[in-house]
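This document starts with one chain, in the form predicted on its own, laid out as structure tokens.
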Amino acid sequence: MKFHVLTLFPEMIERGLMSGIIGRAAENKIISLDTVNIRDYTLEKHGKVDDYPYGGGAGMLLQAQPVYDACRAVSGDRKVRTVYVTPQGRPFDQRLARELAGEEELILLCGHYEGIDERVLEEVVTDYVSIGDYILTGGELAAMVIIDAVARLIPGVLGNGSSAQEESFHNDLLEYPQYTRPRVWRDKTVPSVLLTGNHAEVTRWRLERSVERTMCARPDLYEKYSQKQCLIRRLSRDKRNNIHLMESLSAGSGEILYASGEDAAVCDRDHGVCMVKASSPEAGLRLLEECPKDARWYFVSRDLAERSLREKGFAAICECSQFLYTRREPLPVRHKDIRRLGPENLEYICSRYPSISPAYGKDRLLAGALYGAFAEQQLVGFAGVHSVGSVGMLYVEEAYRGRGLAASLEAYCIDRVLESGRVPYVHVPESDPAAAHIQEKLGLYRAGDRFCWMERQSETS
């Protein structure tokens, strides 16, 4: 990923970021950091870039011309997402960090003095972002905060690929306490459970401590977590039919839009997906009204799909069955050469699996959620984990079908989901009985309900 920072103090950005983890990532060419001095683009012979504001007032403003020319020098005719760091912007949080991490390039514009001429902001800025309700002397510190938070979500930046999923704010919980050697320091000992080697007990202890810490330090987050856990327990009474809702909530990506009795609506805003469970088609139609209008994809029961297609302007994408893997032991993987794929495999994936758009394929690759089967060093098939948590996107080259590669790829993905502590599930199109047979062969159970993926149609379509 390429970060471009437009600033009057490039050395401040470089000194602040070109060390530690972010600096190593830049040295290894996982990310690049380009600092652009706005002053280099002024047409004023003395290098002046600011002037007094029209209408009077204290302070000076950055002029439009040098900012615009600096931005154009970076982007040219390309549309590059451009963030202006300002207290007036959208609050920066982990959700926005994940969103920005999906970009190939990002421009961060640092203000100074009393701000920047509004006309150039209207011309070049796509996002107004704030790191908090306070005033800084310039935007450089805020830009560094954003770059650090975004960069660490890019595969390869952190040494441990799971680190970003285990820290504060994942699943609405703060991080648990951590300890290292020595065992005893100033008469304080490491909790004994961490020395047992019992991974299940360690996981349980860490969750308990995370909940306790969140309850005390961030009651607002704890309230969100408690509401989700309450709904998960209610949905677990019919686990096979509700696993998609439960896993979205457990992973922290799903937000509750509505929950009462047997009716629930959950939205994964990061990926524009809404999931609706309703006691009747009529209740389901009401829940669809609770969903954000900018959500594109919907996963609902087939009965609700039939009504909503007629009455609410949706298009059916795929009718499917839901399969669930309920055991905790990993599945055997017979094909041994399966590897995580990277952005360099995007063209191959999109050409073989047309329903994966380039944007979505890139999202899954950056998330480290697509895996390829290789034969004689050639990529001959792939599968992965969707943004909502289901295993899918399965493809095998025709010349290699019938050799068990599809089952190996899916088993490999299921094992990765199990490693993350989640429950694997798969959506299989009704039109693909061969895929359903693979699920049964691997030991997955079919849910009783039938489901449908839908797409909201635009008002002009």
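Just count from 1 along the sequence shown to find any residue number. Think of the rigid core as the biggest set of C-alphas that the two forms share within 1.5 Å after superposition. Everything quoted here is computed from the prediction, not taken from an experiment.
FYI, the form predicted together with a small molecule isn't displayed, but the following is about it.
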| item | value |
| --- | --- |
| Contact residue in the model of the complex, chosen from 150, 304, 243, 85 - any heavy atom within 4.5 Å of the small molecule | 85 |
| Selected contact from 275, 287, 120, 129, since only one has a non-hydrogen atom within 4.5 angstroms of the small molecule in the model of the complex | 129 |
| Contact test in the model of the complex: residue 142 vs the small molecule, heavy atoms, 4.5 Å | yes |
| 4.5 Å heavy atom contact, residue 113 to the small molecule in the model of the complex | yes |
| Contact test in the model of the complex: residue 343 vs the small molecule, heavy atoms, 4.5 Å | no |
| Touches the small molecule in the model of the complex: residue 134 (any heavy atom, 4.5 Å) | yes |
| Partner-proximal stretch of 105 to 113, 327 to 335, 353 to 361, 212 to 220 relative to the small molecule in the model of the complex, 4.5 angstroms, heavy atom | 105 to 113 |
| C-alpha of residue 12 off by 2 Å or more between this form and the one not shown on rigid core | yes |
| Did residue 127 shift 2 Å or more between this form and the one not shown, C-alpha, core superposed | yes |
| Rigid-core frame, C-alpha of residue 273, shift of 2 angstroms or more between this form and the one not shown | no |
